[in-house]
Every structure is written in C-alpha cells, then in structure tokens.
Ligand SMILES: Nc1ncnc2c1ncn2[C@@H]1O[C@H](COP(=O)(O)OP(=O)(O)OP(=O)(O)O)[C@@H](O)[C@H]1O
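Next up: a single chain in structure tokens, the form predicted on its own.
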Amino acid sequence: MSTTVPLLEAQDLAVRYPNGEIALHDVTFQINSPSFMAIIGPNGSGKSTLVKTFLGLIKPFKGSIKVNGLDATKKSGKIRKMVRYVPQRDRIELSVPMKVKDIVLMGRLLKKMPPRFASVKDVETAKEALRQVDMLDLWDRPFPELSGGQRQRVLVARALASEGSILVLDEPLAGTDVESQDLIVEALGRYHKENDVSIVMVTHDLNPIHTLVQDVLLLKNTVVGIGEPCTVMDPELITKVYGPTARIVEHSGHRYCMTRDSGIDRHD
C-alpha cells in the first residue's frame, strides 16, 4: 500500500536568530500533502524563520525539517526547485528599473538554464498570471511606480507564472488595500483548487483566507496548536499566544477571534 509523503515534517526543530537568541524550539509537526496551509502567530513568533529554515536559507542547530520527504539542510537545492517563493514585500529591491513584465517573467526564467530567453509560452503564462490578479493592463509599467498593493499582486503573479509543486507566501496580504487583498485571495483559492499545488502562507491574520485553509499551524516560538482553522481558533490556545486581551466570539454559526495583532479572524 502506497503512502503519501508529508508536505512538511519537523522533528524536534530548534533555530537561532543571528544574534544567538532562540527563534524556534521543540518544533514537531506534520502536514500532509496536498494542503492549503497557514502559519499564524504574533510578530516575533518565528513564522518567517520557519519558512527560511525549510527553504534551506537557515540551518537549525537541533532537529530537522523535511519538505516532501527531503531534508532541508541536505537537499535545499532540490527543495528550492520545487518551491515558488513570495517574500515579504519590504524585501524587494525597488531601485532596479524593472517593468511589471520583467518581474513576472523572472518567475519563469530563473528556473531555466542559461541563456535565459522568454518563449511565447512564457509570455502567455506571465500574462495569464497577471490577468488572475487584474494587473495585465500594467504589463509595461515600471514596477517601482506601483502602489504597495499593486506590487504585491505582481509578486503573487510571478509565483503563479512559475513552476513548482509548492507555493510559499510570506505575509502576502500585509499592508495591502482591500481590493488587492481580495484579488490575491481569490486568485490563490482558484489556483489551489484547479492545480495540484500546495500553498503555505505566513500570515498574522487568518480572516481573509479562513474558507480556503485546510491546515493551520499556530506558533509562538514553538507549536502551540495545529489542525483545522476552527480547531486552532480555540479560546485557550488564542489566549496563550496573543495574551489575555484576545477573545473568541461566536455568532450565527461563525467563530470570531479578536486580537490586537489582526483585529478579527473568522472561520465558518
């Protein structure tokens, strides 16, 4: 009988920040594949550090984490080939005068062997990805001239246009306007439904994606909760992570989580 290799599997993982401070400790969990997964928790809880660790960008000082059965420390090159990564918006260099089309096509070209030239298929795929987030009309617009929400939509389009079985997004909705947020969420939900691709999203606010998510990992430098959204949004767990001011409100069959970090998170 065949068994499915887990999407992510961590065992006794521990990671330090560059200054030596513990970022993650005693992290053990398993997420089955395929999944639309959310990694949530307050600022400083180790969410982005966990992503960098399973991408092989940071080495743990204890334990291990695997992506599709591949050890992140030993097989980081293979992992990065199967992953499409959308980093936090504030890490994108805006001084380079690239156009929207250049940014999106980059998602196709970087996984090609040199010399890298865009084919007709590459261009068609890039345009379709921009169409998914309502940005095709800005194909020739300089990327730095876009608003923050528009830039984030372009970066999501770049990931959609690329190839790989896992899509990883680090706070893709942070600081975006309502229109951009809705377009990104709609595009991700549709893409996950129509393609054999797992999505891992780091977010401080579960609300916009609550109906799409299958697995939630709640972090506060270690695993505090894991499971379906409604299971993780438990009063005891939320208070443990976000403090005594956090509370759960149930109304008309919905569960609301109110925190200082994210306002209201909802799950049906």
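Since the model is a prediction, treat every value here as computed from it, not as a measurement. Heads up: residue numbers just count along the shown sequence, starting at 1.
Although not depicted, the form predicted together with this ligand is the subject of the following passage.
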inquiry  = Given that this ligand is not shown alongside this chain, does residue 250 nevertheless sit within 4.5 Å of it in the predicted complex, heavy atom to heavy atom?
reply    = no
ask   = Is there a non-hydrogen atom of residue 13 within 4.5 angstroms of a non-hydrogen atom of this ligand in the predicted complex?
value = no
request  = Report whether the minimum heavy atom distance between residue 19 and this ligand in the predicted complex is within 4.5 Å.
outcome  = yes
ask   = Using heavy atoms and a 4.5 Å limit, would one call residue 46 a contact residue for this ligand in the predicted complex?
value = yes
key: Stretch from 205-213, 46-54, 227-235, 64-72 whose residues place a heavy atom within 4.5 Å of this ligand in the predicted complex   = 46-54
message = Quick check on this chain: which one of 88, 76, 181, 125 has a heavy atom within 4.5 Å of this ligand in the predicted complex?
response = 88
message = in the predicted complex, does every one of 9, 34 and 167 come within 4.5 Å of this ligand, counting any heavy atom?
response = no
